[in-house]
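A single chain comes next, written as structure tokens; it is the form predicted on its own.
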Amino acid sequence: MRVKSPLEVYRFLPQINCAECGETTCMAFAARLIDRSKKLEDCPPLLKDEFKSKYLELARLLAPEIREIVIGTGEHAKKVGGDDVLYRHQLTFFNPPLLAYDVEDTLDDKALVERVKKIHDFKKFYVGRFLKLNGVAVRAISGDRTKFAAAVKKVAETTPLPIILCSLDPAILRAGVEAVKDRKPLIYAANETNWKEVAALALEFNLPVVLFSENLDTLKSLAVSFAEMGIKEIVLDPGTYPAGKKLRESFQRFLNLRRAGIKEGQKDVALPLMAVPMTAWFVENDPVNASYWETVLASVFIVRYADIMILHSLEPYALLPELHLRDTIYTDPRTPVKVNPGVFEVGAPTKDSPVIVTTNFALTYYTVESDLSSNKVNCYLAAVDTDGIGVEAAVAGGQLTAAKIKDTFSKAGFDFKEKTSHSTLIIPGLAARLQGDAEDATGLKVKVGPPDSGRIPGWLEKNWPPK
């Protein structure tokens, strides 16, 4: 992205403040283009012939520094690449890495289906959403194109997730492609030996392709050749060695490629990158050690700068660190993680159930909700809009006030006389100083709960129902 501020974008917009884009002004729309929450096509006037030159120029200026490509089809298709910065605090990282877990074509049908289902079905609820795996990498271990094609077809029948076809033999790759050509699989990989045949395959079926070489000059040469042939969806794999000096060299190649693409403007290599942490299994014999080291490698390359990974271990102790780190690194640091404000039911509350207040900072809200639901506390839980700030900081900064607490219940249409028999509100212990103001603002009885939501069940045993 060659424009960094809304003012730079505004110069190319119609500047008529028509609000057809959903924003009140063209300047507001410009800000949305910068953070990618809006697209150029959301501005109808900009699509008219009179603004065509500005539209084309702005499209060029807004294009990400790292090319964005799509793997797979339908709702499970994954965008990879598309970043503009080296460090997330400068803007944010977009398009979290696609995590693909391998299956081998030597597995029998039952074992293959079981493993694919395990990949497809895995999910972990975290801060209001489910963390999931994204793809299946089918590895041609047998060397038999018929076996590979059958395995690929079985994978496609079992899951709609994106598929990566892994072989250095163009004939085997072709067999796999023909089995799932309508699913837009990623071809892995072209190297300096097979590149002509793999390029022909990618062109014939219009598919994204991975180029592999540990030599960055060779990798760049391959990328230039494929681009000149008209292949636009290219991923670079500079090699992932799992230990020692080779690991340090692998890490340095990732850094060099991403810096070349963003800082130096070398568009030939400004492409998504692939890491293969499953190489840990080639040097570790013990499954626990291999899973551990694979997770370490995945963590390294999530941070710097893999857009796609091929992994093996499906053990929860390996998956959870990978998924949580990816979620953390690819959360926009400029925007607090928050839930919609409102009043929500936990369990099956009655008129005698407590009404508890917290903030709409997602981590706070879901921690409180989890502590209540896991202890089978039936209640109403109010999430006050504090701009996604936790209780203590929101009280200190003025984001959590008595007026906002009252406003939360008013906007939710929550009538205490109708919904409760006690007209009592419980506020967090860390917001104790708001007790008097909250009573004055709401006309309710306000009790101060514990500072830690984990203590709420014990506190309720002693303090509920209110006397």
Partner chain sequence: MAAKKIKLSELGEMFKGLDVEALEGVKIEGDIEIDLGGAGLSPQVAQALGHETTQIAAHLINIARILGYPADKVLGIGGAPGIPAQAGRPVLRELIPAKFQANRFEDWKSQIQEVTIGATSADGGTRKSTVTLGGERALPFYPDAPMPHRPHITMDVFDMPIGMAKAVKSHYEDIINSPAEWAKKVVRDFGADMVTIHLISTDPNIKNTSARDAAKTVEDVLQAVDVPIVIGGSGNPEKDPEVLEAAAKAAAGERCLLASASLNLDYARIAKAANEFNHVVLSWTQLEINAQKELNRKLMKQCNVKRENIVMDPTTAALGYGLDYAYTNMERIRLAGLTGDQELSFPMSSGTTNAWGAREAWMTSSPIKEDSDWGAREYRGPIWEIVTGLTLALAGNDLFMMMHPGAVAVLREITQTLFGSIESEAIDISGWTARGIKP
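Each form is matched to the other, and the largest set of C-alpha atoms that superpose within 1.5 Å is called the rigid core. Numbering follows the first chain given and starts at 1. Note that the structure is a prediction, hence the values are computed from the model and not measured.
The form predicted in complex with the partner chain is left out here; the points below concern that form.
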* Structure fact -> Of the candidate stretches 370 to 378, 152 to 160, 72 to 80, 348 to 356, the one with residues having heavy atoms within 4.5 Å of the partner chain in the predicted complex is 370 to 378
* **Heavy atom of P242 within 4.5 Å of the partner chain in the predicted complex** => yes
* Exercise: D121 in contact with the partner chain in the predicted complex, heavy atom 4.5 Å -> yes
* Asked: For K181, is any heavy atom within 4.5 Å of the partner chain in the predicted complex, or not?
  -> no
* Is G397 close enough to the partner chain in the predicted complex to count, meaning some heavy atom within 4.5 Å? -> no
* Asked: Since the partner is left out here, which residues of 153 to 172 would have a heavy atom within 4.5 Å of the partner chain in the predicted complex?
  -> C166, S167, L168
* **Core superposition between this form and the one not shown, C-alpha change of E20 at least 2 Å** => no
* K110 C-alpha shift between this form and the one not shown of 2 Å or more, rigid core reference -> no
* Cα-Cα trend for L40 and D387, given that in the predicted complex the distance shifts by 3 Å or more -> farther
